[in-house]
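As structure tokens, one chain now follows by itself in the form predicted on its own.
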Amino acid sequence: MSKIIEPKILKGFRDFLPATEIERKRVIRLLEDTFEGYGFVPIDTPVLEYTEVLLGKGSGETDKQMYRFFDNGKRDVALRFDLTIPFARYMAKNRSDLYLPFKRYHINKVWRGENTQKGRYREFTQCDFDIVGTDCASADFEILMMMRRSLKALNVPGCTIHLNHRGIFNRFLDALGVREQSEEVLRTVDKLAKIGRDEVLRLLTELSSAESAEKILDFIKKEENFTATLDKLERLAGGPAEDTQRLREIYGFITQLGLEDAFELNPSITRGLDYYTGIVFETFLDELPSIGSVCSGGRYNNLAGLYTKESLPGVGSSIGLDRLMAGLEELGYASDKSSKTDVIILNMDGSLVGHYHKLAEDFREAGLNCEVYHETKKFGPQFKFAEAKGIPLAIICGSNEVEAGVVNLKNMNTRENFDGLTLTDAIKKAGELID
């Protein structure tokens, strides 16, 4: 007898049971509708890229997390660790076939060999949306509005979008004389919410000095409102410049739309990836900030420079689908629907299977999801099956009903019966009950 292989999976990877996958698909459909409502179009890229394509614009830490190997042709390849760098390669390769500005969305899996924790896995799904080919406040603001609209479409409870500008921070580091350590400083500051002020202070002191570390922590401290915080940042960075003007312009859009409560200027938001050059943003669930940002991004004007000499400035954001769903589940907002079927046709008589399939087609033509129970069994097992899948309605039809040209409809949730209905009336009643 052959050895039974243990059905195990790798740490950080998951199987999805129907209820979870149904909810994931529902969320993805809502996001796709939202993205397309802003004129964004879908694309896709290979999951496997040449390693040299992916290296160099993530971060030293991210590069170490790549799933990298030599394939059968001895090529050095790796699984994509995000959707942004493959997109930059995509733009360079397909530029002649694309118009600018190009607005894309991409929803797919990525892989990182990092430590696993709640809402954080080694295989996970990102939902990216980007605008490439323009560098202006309007494009930055549209991404912010897409972030807000997407979370609103998903009925995500209270959340706040935090934004900042890397250019202002870099000017401040210039004035402080620690610009050479800017990437490490930015990554350290980005960990403030995770490791706390004291540990960030210690790490910053190692990078510069105790005095500089204290000044950096003062710089990233929020004031009483957006304008007061921006005024402080502008003063400490050396005065007005294009970066502070960009934030003032964006805040003007925010106030015009009356959305001051939805956005917050937060100088501690820097984003850990090296390719961000301008505005950056992160989004936190107000009721569960500990789970981390569920929607993050920023402007990356130099990313495509790895692959083309043409200037292709871009701005975009990404919703971490797995982290967002983990947060919603913890807060009790996730759906637990285990089936998309509206109606099941019970199998009372094996000689009527063809008729059952015809009934099912009629329900589908009317826009109701319908399935046939394939084997002729007693009602008990068939009801149990319907209940296990969460199917709300059942059609009962035997030879007497066929002869009379009627069916019986049963509400599986309330146990209410609607007997002797014509097919037209049964479809109408099912539609009413589903709504």
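Only a predicted model underlies this, so the values are computations on that prediction, with no experimental measurement involved. Only the largest set of C-alpha atoms that superpose within 1.5 Å between the two forms is called the rigid core. For every residue, the number given is its place in the sequence shown, counted from 1.
Quick note: we don't show the form predicted together with another copy of the chain, though the next part is all about it.
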Heavy atom contact within 4.5 Å of another copy of the chain in the predicted complex, the stretch among 225-233, 202-210, 277-285, 308-316 | 308-316
Identify which of K118, H357, R179, R197 has a heavy atom within 4.5 Å of another copy of the chain in the predicted complex; exactly one of them does.
-> H357
Just one of F124, F219, F263, Y105 has a heavy atom within 4.5 Å of another copy of the chain in the predicted complex. Which one?
-> Y105
Although another copy of the chain is absent from this view, report whether E183 comes within 4.5 Å of it in the predicted complex, heavy atoms only.
-> no
Would R166 count as a contact of another copy of the chain in the predicted complex, using a 4.5 angstroms cut-off between non-hydrogen atoms?
-> no
Contact flag, E242 vs another copy of the chain in the predicted complex, heavy atom cut 4.5 Å = no
With the cut-off set at 4.5 Å between non-hydrogen atoms, does G398 touch another copy of the chain in the predicted complex?
-> no
In the predicted complex: members of 13-29 within 4.5 Å of another copy of the chain, any heavy atom | F13, R14, D15, F16, L17, P18, E21, I22, K25, R29
Indicate whether N72 shows a C-alpha shift of 2 Å or more between the shown form and the other one, with the rigid core used for the fit.
-> yes
Yes/no, R148 Cα shift of 2 Å or more between the shown form and the other one with rigid core fixed | no
Taking the rigid core as reference, does the Cα of R112 move 2 Å or more between the shown form and the other one?
-> yes
